[in-house]
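Let's start with one chain on its own, the form predicted on its own, as structure tokens.
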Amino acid sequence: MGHVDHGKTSLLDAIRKGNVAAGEAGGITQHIGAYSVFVPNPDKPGEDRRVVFLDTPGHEAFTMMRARGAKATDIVILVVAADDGVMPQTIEAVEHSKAAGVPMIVAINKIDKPDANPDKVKQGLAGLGLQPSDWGGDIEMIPVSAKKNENLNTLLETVLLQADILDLKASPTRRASGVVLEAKLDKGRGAVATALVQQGTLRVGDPFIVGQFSGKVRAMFSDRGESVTEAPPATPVEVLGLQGVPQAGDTFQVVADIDRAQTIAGQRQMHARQAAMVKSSSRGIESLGQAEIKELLVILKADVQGSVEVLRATLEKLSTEKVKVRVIRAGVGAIAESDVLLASATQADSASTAVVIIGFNVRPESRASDVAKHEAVDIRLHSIIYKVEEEIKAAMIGMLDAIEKEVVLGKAAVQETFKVSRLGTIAGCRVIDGVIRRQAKARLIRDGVVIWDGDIASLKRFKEDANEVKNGFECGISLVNFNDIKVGDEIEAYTIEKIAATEL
């Protein structure tokens, strides 16, 4: 765990000799990765010990995923860049670890950089209550370099030593249980969950319950994509055979038979529907009597469930008193025709709503694209979360009514009045400031008080109609449906300009 760009994924790449970081959009890890490595056991030559790493994102938008990662782990490795120090997501990671009650080891990365200052990092962490062991504290802080492969073995040995001290053990013989780290809908394989087995051994053919869904393990794949038939404790695997896409963070549990799993799933689904009905009903009651505000409705589709959660929370937090953002559908998988039809039907309901479909690391199906063009539905595709946030903010600003700004054009002093039977009272005026325009609005001011506000009926120069009269010139002005004009009054001409909103 740690701040964005502090080298978490690069450090893990160096440990597992892979290249995960090269495939990241925008240079940040966008969902939890689970990887296992084998470390030689110094006490038993020839025997390896498994260490499973969960690589959590560092960007501020992924708070929930980091919290979930902390809860799923036995030990947290906090990665802090030696050339950057303690940053906002560093602090957040520490808070999540403490809240989950998980012990911590600090990897001070990028010690190969010229401006690296490990002592500054230690001072910053000490201010958060993490005292380095070499300063008399209880937190191991290992200086490492992912780029130069420095001290990586020391880091792994420290992890194993901590595990031995904590006496971390799991039974491989009991029924398997664990936690879902990610879930997605794969077009060829159906619902797929990345799960971490925490107790027992998960085997192909095992019936299980996860969240609101039941299933039977049809196939499993390791973190390197290899097919496996069983997964002992502390093993991350992709599981196929689910009846639906669970929520990231859901626990899974192997049960005696598939009938039992389906019964439990049915009960959970019923409870979820009842809770949703209660929430919907309370929202309707709260909205009674409130003035209608503008709503930006979002249909959100992403590649994995964790990204759906993060994006949903991020977008809904953008709501203001003027524009509310509401996610009306969220799920994993490609943008389908049904998503487009929902957007089309919804955007026709009210002039105060707008609808957009956001695809995050997914694409619309061909039929969905055709329907979207025909129905004029807006589909936006992204692979970087903060770009989604920027675009939604811009869309919210675009929904705001234009700001009306009054611009005073000029003033004219009434010097004479003339009664004309056909036209009413004509004010003989001299323009004393700015300009008077025929198409402008006007107000009559008497002794500093506005007594009339409306439109100019006519503007003349020497009995000829004029479009405008400038400062210093005389003119005749008549006002729409108003004749109580007196010598000494002032007529002020102004216009109302509409300016597009620039901020929420």
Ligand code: GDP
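Quantities reported herein were computed from a predicted structural model and do not represent experimental measurements. Start at 1 and count along the sequence shown; that's the residue number.
Keep in mind the form predicted together with the ligand is missing from the figure; the text below concerns it.
Taking A234, A146, A72, L130 one by one, only a single residue has any non-hydrogen atom within 4.5 Å of the ligand in the predicted bound form, and it is A146. Of the candidates K113, R268, K387, R175, K113 is the one whose heavy atoms come within 4.5 Å of the ligand in the predicted bound form; the others do not. Stretch-level contact check against the ligand in the predicted bound form with heavy atoms at 4.5 Å: of 421 to 429, 104 to 112, 404 to 412, 188 to 196, the positive one is 104 to 112.
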